[in-house]
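Only one chain is given next, in structure tokens, and it is the form predicted on its own.
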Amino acid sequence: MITTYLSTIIPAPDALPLPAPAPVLFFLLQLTFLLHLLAMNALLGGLIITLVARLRGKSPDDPWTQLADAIAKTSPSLVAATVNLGVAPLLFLQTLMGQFFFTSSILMGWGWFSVVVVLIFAYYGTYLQSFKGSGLGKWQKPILGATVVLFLWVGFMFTNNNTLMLQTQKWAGMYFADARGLHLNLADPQLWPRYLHMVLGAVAVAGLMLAWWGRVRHLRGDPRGAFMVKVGLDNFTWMTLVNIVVGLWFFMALPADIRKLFMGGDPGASAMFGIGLVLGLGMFVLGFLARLRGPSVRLVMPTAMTIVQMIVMITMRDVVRNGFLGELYKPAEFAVKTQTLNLVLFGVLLVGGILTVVWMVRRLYLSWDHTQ
């Protein structure tokens, strides 16, 4: 039951009607968020793997150094893909849940504003790594390290915002204690496991992508392909295992009433929880077995399982969000004025954009000299 106090703190939904029924917008939110996650995982996880490889490389001919050089070349393109694919889900989130998202954004205003500035410097860092490379001399590793930290900061701000928007009971105390927009959601028990779950997942997915890249190189006769497959599968396998533990930590950090949704309180949520746990264990087993089969290993099954797992995680994320907001959020009551032409245009441009990205990635790959 919504108290009068809470109803005065939580802003009313946008007076403008939704451009499509809420279920349609939720579907588009999930779809575009999945595409954004794929690019973000490749970027953030790839940068972390690059940093580790750069630190382990001892000379220009060291396989670790060559691996870092190869991944660094892709970083600027991945930043562009991540940012562009992130626009649509952010807009859908603002359309559907603006009354919550904008409030948390105001409470953490300076941290949220910092994302734009930090992202610009991080983007520039990827260009330095890609085009200057060893020309950076002794600054190469520090600049790469700083770039990784900047992208981690961006992810941390998003995690803060996406958790603070659910903590409606904290808003009044935060705002009236200090209205300068300096708040973060650091006291929330779910913040740190949720953030770590995202980072580890990014490394795991990037590792799987690296294994695919190395496999193709190996089949084309590039001797470095085998090392890329090995490193990629190592990251995919062990980060998945660690992330299962972190995921359980995240689960235990949730309030008891929301945990109960996944433990029989909601049949759909409980099914998703069971499927997610089985998929996580299956990904670890398949990754471990793939490590034993050499660089020509088939990666279709672990990839399919990973994509399904990402869809399951996105679905569970919505269950958690709805569990926190409960009766405070009633999208079924929103006014709707369907903009059919705009929806059709969005669908056509989305499909066209995805096909263009696939074509660009293929052309980029074919243009590289794999013998160098």
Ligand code: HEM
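Computed from a predicted structure; not experimentally measured. Residue positions are given as counts along the sequence shown, with the first one as 1.
Keep in mind that the form predicted together with the named molecule is missing from the display, and what follows is about it.
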Note: exactly one of F113, W249, W212, F158 sits with a heavy atom within 4.5 Å of the named molecule in the predicted bound form, namely F158
Exactly one residue in L29, V319, A42, V312 has a non-hydrogen atom within 4.5 Å of the named molecule in the predicted bound form; which is it? L29
Close approach of N243 to the named molecule in the predicted bound form, 4.5 Å, heavy atom: no
G280 versus the named molecule, in the predicted bound form: is there a non-hydrogen atom within 4.5 Å? no
Distance check, R217 to the named molecule in the predicted bound form, heavy atom within 4.5 Å: no
Classify F33 as contacting or not contacting the named molecule in the predicted bound form by the rule of any non-hydrogen atom within 4.5 angstroms, answering yes or no. yes
Hey, of 78-86, 289-297, 259-267, 231-239, which bit sits against the named molecule in the predicted bound form at 4.5 Å between non-hydrogen atoms? 78-86
Can all three of L93, N162 and R194 be found with a heavy atom no more than 4.5 Å from the named molecule in the predicted bound form? yes
Counting only non-hydrogen atoms and a 4.5 Å cut-off, give the residues of 111-126 close to the named molecule in the predicted bound form. L119
